[in-house]
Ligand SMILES: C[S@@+](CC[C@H](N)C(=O)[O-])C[C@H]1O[C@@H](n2cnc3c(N)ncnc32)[C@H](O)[C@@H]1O
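Take a look at this single chain in structure tokens; it is the form predicted alone.
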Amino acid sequence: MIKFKKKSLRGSSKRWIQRKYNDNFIKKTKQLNYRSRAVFKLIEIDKKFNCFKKNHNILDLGSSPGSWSQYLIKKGFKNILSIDILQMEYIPNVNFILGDFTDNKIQKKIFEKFHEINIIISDIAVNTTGNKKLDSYKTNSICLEVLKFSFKYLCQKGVVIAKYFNGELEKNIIQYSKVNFNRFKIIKPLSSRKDSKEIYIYCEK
């Protein structure tokens, strides 16, 4: 285990750096040439539900920096459309749209690419402010938008996987999933840090 003794760093900064360097998932991320450790969350979910099929049209919302799309390409999937309000470095065989998926113009571009959507995945979260209630509210508001978009546009037996935070609007997310989807499950991947509020919801239409 690496320890840091630099006196100029505060205790919280030391703990953050130490955790980063001692994080096995970060080491694996570098070894496997992925763009972020978030990839291991999707890997776990994929192993649990085995929901991705080779002919599926997959929509990756909040895709940047691109590790989820990277994983799907490595798995052999070819019909991937990634969307983010932040620019994403090019990934071979992945189509990327810069913009907000709730924007009508962006949705039009989505449907020009996909006449049918089989799977929607979303790792969207707002930049945290330290205000847990506010962070949960903002991120979970987006999660609800993802679920509503998925209910409206997923094909029959389609799947949505979306991130939310424990806290504000969590009950709304669960209630919406219960009412509008045939099946839903809550997942806390092992690769998600223990002190993280993030959770994933898996829904089948």
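Numbering starts at 1 and follows the sequence shown. It should be emphasised that the depicted structure is a prediction, and the values quoted were computed from it without experimental measurement.
FYI, the form predicted together with this ligand isn't displayed, but the following is about it.
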- Can all three of 36, 68 and 84 be found with a heavy atom no more than 4.5 Å from this ligand in the predicted complex? yes
- Message: residue 56 versus this ligand, in the predicted complex: is there a non-hydrogen atom within 4.5 Å?
- Response: no
- Can residue 136 be called a contact residue for this ligand in the predicted complex at 4.5 Å between heavy atoms? no
- Query: According to a 4.5 angstroms non-hydrogen atom cut-off, is residue 158 in contact with this ligand in the predicted complex?
  - Reply: no
- Query: Closest heavy atom of residue 142 to this ligand in the predicted complex, within 4.5 Å or not?
  - Reply: yes
- Item | Contact residue in the predicted complex, from 94, 125, 120, 110 (heavy atom within 4.5 Å of this ligand) | 125
- Task: Given that the partner is absent here, state which listed stretch (99-107, 73-81, 128-136, 112-120) has heavy atoms within 4.5 Å of this ligand in the predicted complex.
- Result: 99-107
